[in-house]
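Okay, so here's just one chain, in C-alpha cells, the form predicted on its own.
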C-alpha cells in the first residue's frame, strides 16, 4: 500500500534530518541549519501525507477509521507529534541545535514502526471497544503529551551534558534558559496528558462500563502522571531547578516508554488490543 511505502521513506528522511542537525552542531554552519530546518519541515509534510493516504485507504476498504487504532499507527503518530512539537520549539526559540537531540526520537520511532517484525502495519477493522468518538480525542491528546515529553527529555540530556562543561556545548542556551524551556514543555505535556487520562476514563466507561479499572495501561499512565506532577510541584513549591529537574524529566519519559511499550508487550489487560498481532 502506498501509505506504508511513503511512511517507510519518512524513516530515512528523519535519519537525514538528524544527520543535518548533527552537522550543524559539529560544524556550526548557518546555511546548514537552514537546510536542516527546511528538510525537517519537508519531512513532516511527507509524514502528514502518509498519514492522510492511510486514512483514505481505510475509507476505500470500507474500514473508515482514523489511523490511530493500533501499535503501528500510534507509532507513526507519535513520531509526527515529536517532530511537530520540536519544530514549534525551534521556531519560538530560534535554536536549530536542539534537533540533534530530538530527531533521533522521531527516527527511531518510525524505524521501529516500519521495520520491526513485531509491528502489524495492516489496515484492519476496529475492535468493538475502539468504536467510539472518544478514540481520536484520547489518542491525540495522549500523544501530544508523549511528544512534548520526548522533546523535554532531549532538552534535559542537553542540560546535563552542558552542565558537565566543554566548549562544544557553549552553542546551546544557558543552563537557566534550558531549565525554563524544559519546565514549559513538560507543563504543556502534563496538561495534555491530564486531558488524555480524563477522556480515556470517559471512553472506558462507554466501552467497559467503568471509568477506572486499574488496568495495567491505566495504572502506568497514572504513575507517569504523578511523576510529572511531582516535577511541576517541586518546581513551583520546592523551588527545584537545574539538574534535579532534568533528571526527573528523563525519568518521566522512561515511564512514558514503559507505559507505551512495556505494558503492551509485558502485561495483559483491557488494552491488549494495542499488542501487535
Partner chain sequence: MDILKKFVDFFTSARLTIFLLIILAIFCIIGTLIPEPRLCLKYFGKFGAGLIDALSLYDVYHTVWFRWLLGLLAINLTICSLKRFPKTWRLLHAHKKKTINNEFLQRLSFHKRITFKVPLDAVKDELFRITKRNFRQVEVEKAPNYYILHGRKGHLGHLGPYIIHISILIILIGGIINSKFGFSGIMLIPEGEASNQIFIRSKHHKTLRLPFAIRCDKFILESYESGLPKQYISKVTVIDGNKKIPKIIKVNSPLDYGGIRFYQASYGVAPQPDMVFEIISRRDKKVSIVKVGFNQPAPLPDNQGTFRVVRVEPDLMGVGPAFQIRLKRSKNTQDFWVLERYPRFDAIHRHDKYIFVIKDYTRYTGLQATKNPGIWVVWIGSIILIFGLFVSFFVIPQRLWIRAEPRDKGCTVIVGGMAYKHRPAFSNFFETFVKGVKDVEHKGP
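Residue numbers count along the first chain shown, from 1. The model shown is predicted, which means the values in this text are computed figures rather than measured ones.
Although not depicted, the form predicted together with its partner chain is the subject of the following passage.
Within 4.5 Å of its partner chain in the model of the complex, a heavy atom is found for none of 254, 257 and 261. Taking non-hydrogen atoms only, residue 219 approaches its partner chain to within 4.5 angstroms in the model of the complex. In the model of the complex, residue 74 stays away from its partner chain, with no heavy atom inside 4.5 Å. When its partner chain is considered in the model of the complex, residue 190 lines it closely, a heavy atom lying within 4.5 Å. A residue is said to contact a partner when one of its heavy atoms sits within 4.5 Å of a partner heavy atom; residue 180 meets this definition for its partner chain in the model of the complex.
Here the chain stands by itself, but in the model of the complex one stretch of 98 to 106, 119 to 127, 142 to 150, 158 to 166, 119 to 127, has heavy atoms within 4.5 Å of its partner chain. Of the residues 56, 63, 49, 243, just one reaches its partner chain in the model of the complex with a heavy atom at 4.5 Å or closer; this is 63. With the partner omitted here, the residue from 87, 201, 111, 137 that has a non-hydrogen atom within 4.5 angstroms of its partner chain in the model of the complex is 201.
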